[in-house]
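As structure tokens, one chain now follows by itself in the form predicted on its own.
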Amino acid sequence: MKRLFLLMLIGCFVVAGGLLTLAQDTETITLTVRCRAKPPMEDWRGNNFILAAEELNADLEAAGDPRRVEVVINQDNIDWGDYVTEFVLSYGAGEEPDIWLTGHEYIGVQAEAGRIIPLDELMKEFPGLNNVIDSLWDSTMYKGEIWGVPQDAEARPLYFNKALLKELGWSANKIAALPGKIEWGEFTLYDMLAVAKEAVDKGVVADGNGFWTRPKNGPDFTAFYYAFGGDTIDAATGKLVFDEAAGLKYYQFFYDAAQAYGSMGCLGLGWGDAWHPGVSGSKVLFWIGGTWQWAEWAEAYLKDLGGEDYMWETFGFALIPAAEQGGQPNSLTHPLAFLISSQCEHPDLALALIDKVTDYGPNTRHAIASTHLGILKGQTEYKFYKVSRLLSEALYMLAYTTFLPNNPYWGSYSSLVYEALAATVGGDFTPHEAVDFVVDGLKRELGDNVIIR
């Protein structure tokens, strides 16, 4: 009996640091993770947290921390508007998820409402986050603080059709050199329009098919406003900004693209019945699209022609050209980011989980499966990232990227700016009239919440 008692007593002790100490009871903490993801390509957004929880629990045990984490993943592909509304309502009911994945542009409104927390201090304890590409942190800033950790990225490059350029007399070497000339500011937006007009004039493409943007409002247009020197947000106050001089150049460019160069006839087209078939079917010379659309074109539109192999032969991509010779080209990235709820009772554990999924293995799993760009420095050298030629060749664009502003009033701002653009492309507004329309509308709708320069 004495021996049995002694064995039971010893069983209540564990060895730690060479000394016997009383074993501690563990406390299980449930952290909820809410993700929007298109299955099955984007499932790793949430599923990476399952593996991360196992790793974190091993870390907690090794550190003598009695807490253990289990994660509950809520992941689907509902409409963005419903997704954001759900988050707001869950906060009001005290049922907000601990970790919420969302587009970075929602940071401003959620921060102002107190639904999320700034992460600057907590991040100091997780130096692995320093591996995130520096420029991407700008997308999660609001009023000088970091409010989220980037989860993925993409670029919106200028695509071009190599076969159509050959019809214009371009050599293979000249075509291959185009991305570099754009990167160095030697081939500008107006150089592009000149080539697009030549293609229309010579019948290589139909009237209006020299240069296409997306067919309706969206982030891509803002990159052109930036190219002409525009700002959208004041860093000190967080207020939106509209620059009249940049806006005039912006609208002049789109007026010229449609009216003077006869090259832009894409606004209002349907995505599936006209836009995607147009760009993938070699009916358009230059167009702006997302890197994520590459896989869609290969699978849904060009599989019978060879899919991605055919695309590498036929299509090329580059940064959006600079507005002027010697200027800086750009792209626009719309990163999704992990935010931590202000109702989270264990934000250190939430960020520890985010830190785990923000590593080369987990992030690459998601990038390859979903055709999104990686977010980490040196990721192109990571063995499993290298298997994607597209992601490897496009990652450099993040060094030139721009972002939408994190501001609660961006929706109203963006709608007004696009409404004026559509009227300009259609010939209903002159560039000056477009600027006047935007300025008047912003003052009327946003008042002191926008700065007009």
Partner chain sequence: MRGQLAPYVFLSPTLVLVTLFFFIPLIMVFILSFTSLDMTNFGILEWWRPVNWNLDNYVKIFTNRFFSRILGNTIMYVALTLALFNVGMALVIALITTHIKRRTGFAFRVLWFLPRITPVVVYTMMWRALAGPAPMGVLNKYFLGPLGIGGGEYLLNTHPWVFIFLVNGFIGASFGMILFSSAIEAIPKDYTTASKVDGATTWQTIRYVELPMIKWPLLFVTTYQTLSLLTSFEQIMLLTDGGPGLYQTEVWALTAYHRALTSYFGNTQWGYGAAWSVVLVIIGIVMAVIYLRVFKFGELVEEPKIDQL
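The model shown is predicted, which means the values in this text are computed figures rather than measured ones. Rigid core here is just the name for the largest C-alpha set that superposes within 1.5 Å across the two forms. Numbering follows the first chain given and starts at 1.
Although not depicted, the form predicted together with the partner chain is the subject of the following passage.
- Site annotation in the predicted bound form: the residue of Gly361, Gly268, Gly327, Gly180 reaching within 4.5 Å of the partner chain with a heavy atom is Gly268.
- This chain is displayed alone, yet in the predicted bound form one of Phe160, Phe253, Trp212, Phe338 has a heavy atom within 4.5 Å of the partner chain; that residue is Trp212.
- Annotation: in the predicted bound form, residues Leu89, Ser415 and Asp428 each come within 4.5 Å of the partner chain through at least one heavy atom.
- Of the stretches 144 to 152, 341 to 349, 110 to 118, 375 to 383, only 110 to 118 has residues with a heavy atom within 4.5 Å of the partner chain in the predicted bound form.
- Contact check for Glu296: no non-hydrogen atom falls within 4.5 Å of the partner chain in the predicted bound form.
- Contact annotation: Arg365 falls outside 4.5 Å of the partner chain in the predicted bound form, judged by heavy atom distances.
- Contact annotation: Asp273 falls within 4.5 Å of the partner chain in the predicted bound form, judged by heavy atom distances.
- In the predicted bound form, at least one heavy atom of Asn217 sits within 4.5 Å of the partner chain.
- Heavy atoms closer than or equal to 4.5 Å to the partner chain in the predicted bound form belong, across 417 to 453, to the residues Glu419, Ala422, Ala423, Asp428, Phe429, Glu433, Phe437, Arg444, Glu445, ordered by sequence position.
- The rigid-core alignment places the CA of Thr102 2 Å or more apart between the shown form and the other one.
- Taking 2 Å as the criterion, Gln343 counts as shifted between the shown form and the other one: its C-alpha moves by at least this amount when the rigid core is aligned.
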